[in-house]
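There is one chain below, alone, in structure tokens, taken in the form predicted on its own.
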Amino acid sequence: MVSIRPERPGDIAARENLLDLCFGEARFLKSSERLREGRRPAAGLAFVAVDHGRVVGTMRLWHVDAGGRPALLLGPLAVDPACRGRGIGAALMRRGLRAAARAGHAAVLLVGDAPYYGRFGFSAATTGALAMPGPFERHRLLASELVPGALDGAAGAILAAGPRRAGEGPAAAGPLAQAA
């Protein structure tokens, strides 16, 4: 039985191992990672899926400034390859988006596949004037307005926002920052 619950400090190592399994070291090279580096996830908006005591899925939301509008950045969303096809990713998405809306957040951005994320209300309709901090495929920059009109007039760079964090394992700095 899979349960979705808030991430706990004891989940960090398992989450990092899961992200390594799903994305490898390439995850540290993504433009989205530039927005997460050195930051804490938004309070109360980091979740894990647990199956028989083992972390098999993860999803976090992060504060960003989306061209002058407060928003959240979703990611990474990851599910253990051995557990895919069981609806775990969808359950994490629904839980995270509901929690974000309840907490009063107005918009969520992500970089991902429109056919998958479209079923959760994401599209590129409001992201055309926004830019990630580094290379990205424009058609994969998606948003969901939890409050209609939340991204009206949003233009320019998406910037990291929210509280900074002290070290939390390898994702706290990533290999690029460690090499600098």
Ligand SMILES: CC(C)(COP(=O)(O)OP(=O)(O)OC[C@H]1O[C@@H](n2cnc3c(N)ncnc32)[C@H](O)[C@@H]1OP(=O)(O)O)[C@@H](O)C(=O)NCCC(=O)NCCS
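Computed from a predicted model, the values in this text were never measured in an experiment. Just count from 1 along the sequence shown to find any residue number.
The same protein also has a form predicted together with this ligand, omitted here; what follows describes it.
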- Contact stretch among 150 to 158, 112 to 120, 128 to 136, 37 to 45 - heavy atom within 4.5 Å of this ligand in the predicted complex: 112 to 120
- Consider Ile88 of the chain shown here, and say whether it contacts this ligand in the predicted complex, taking contact as heavy atoms within 4.5 Å. yes
- 4.5 angstroms heavy atom contact with this ligand in the predicted complex for Arg84: yes
- Query: Do Ala100 and this ligand share at least one heavy atom pair within 4.5 Å in the predicted complex?
  - Reply: no
- Spell out, yes or no, whether the shortest heavy atom distance between Ala78 and this ligand in the predicted complex is within 4.5 Å. yes
